[in-house]
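Quick setup: one chain, the form predicted alone, written in structure tokens, and binding and motion questions come after.
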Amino acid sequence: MKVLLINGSPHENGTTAAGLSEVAAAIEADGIETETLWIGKEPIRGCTACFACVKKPGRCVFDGDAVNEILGRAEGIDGLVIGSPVYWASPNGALLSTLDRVFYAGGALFYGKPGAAVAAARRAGTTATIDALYKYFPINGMPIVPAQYWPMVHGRKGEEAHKDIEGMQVMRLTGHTMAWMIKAFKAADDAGIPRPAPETPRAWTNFIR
């Protein structure tokens, strides 16, 4: 069993990484492997709605950034954690471009796998950032991992985030809950309890006649 954590900050070892590392440590303490993938600090293009991924699902036609790296790992993971700094009360734009393309090209690869989000900020904008990140999960059939408070950490630098006692506590519970959910889902699978699946064919409805 394995969880992929995505560091969506341009700073590889900043506040976002501090929050993700606490989540990862809790997951690993519960016996589940983790891998953290940093999206880097180079520009990442947004989705152009070219629909090439419809013909070749699970891969984006644009290569050379983190998108296809994430998609290449998606089938082999059991859970996903997305971490972002706060930019104008929203996730990092490069991360949003990454996630738009990842989930458009390969959303089915994440179906049924628990998802968690982490927001890092000096002070404010975290709840709006978490809200934006959470929207990727339910539309792709991913149960959201809960904790006892919003999954956020505060500080200008990583070392300051580690002093956010409440934030780090939330990170640990997020990690432990993620591990528990993965094990619970596996136990259900082993017991022969079928997971709900989307109806086929899928209905696509607009409101223009």
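Computed from a predicted structure; not experimentally measured. Start at 1 and count along the sequence shown; that's the residue number.
The following text describes the form predicted in complex with a small molecule, which does not appear among the structures shown.
**Q** Which residue, Ala117, Leu95, Val102, Val86, has a heavy atom that falls within 4.5 Å of the small molecule in the predicted complex?
**A** Spelling it out, the residue with a heavy atom inside the cut-off is Val86.
**Q** Should Ala124 be counted as a contact of the small molecule in the predicted complex, where contact means heavy atoms within 4.5 Å?
**A** Yes, Ala124 sits close enough to the small molecule in the predicted complex that at least one of its heavy atoms falls within 4.5 Å.
**Q** Quick one: is His11 in contact with the small molecule in the predicted complex, heavy atoms, 4.5 Å cut-off?
**A** It does: once the small molecule is placed as it appears in the predicted complex, His11 has a heavy atom within 4.5 Å of it.
**Q** Would Gly141 count as a contact of the small molecule in the predicted complex, using a 4.5 angstroms cut-off between non-hydrogen atoms?
**A** Although the small molecule is absent here, Gly141 would stay clear of it in the predicted complex, with no heavy atoms inside 4.5 Å.
**Q** Are any of the heavy atoms in Arg59 no more than 4.5 Å from a heavy atom of the small molecule in the predicted complex?
**A** Arg59 lies outside the contact set for the small molecule.
**Q** The chain here is shown without the small molecule. Which stretch in 154-162, 63-71, 179-187, 46-54 comes within 4.5 angstroms of it in the predicted complex, by heavy atom distance?
**A** Flagged stretch: 154-162.
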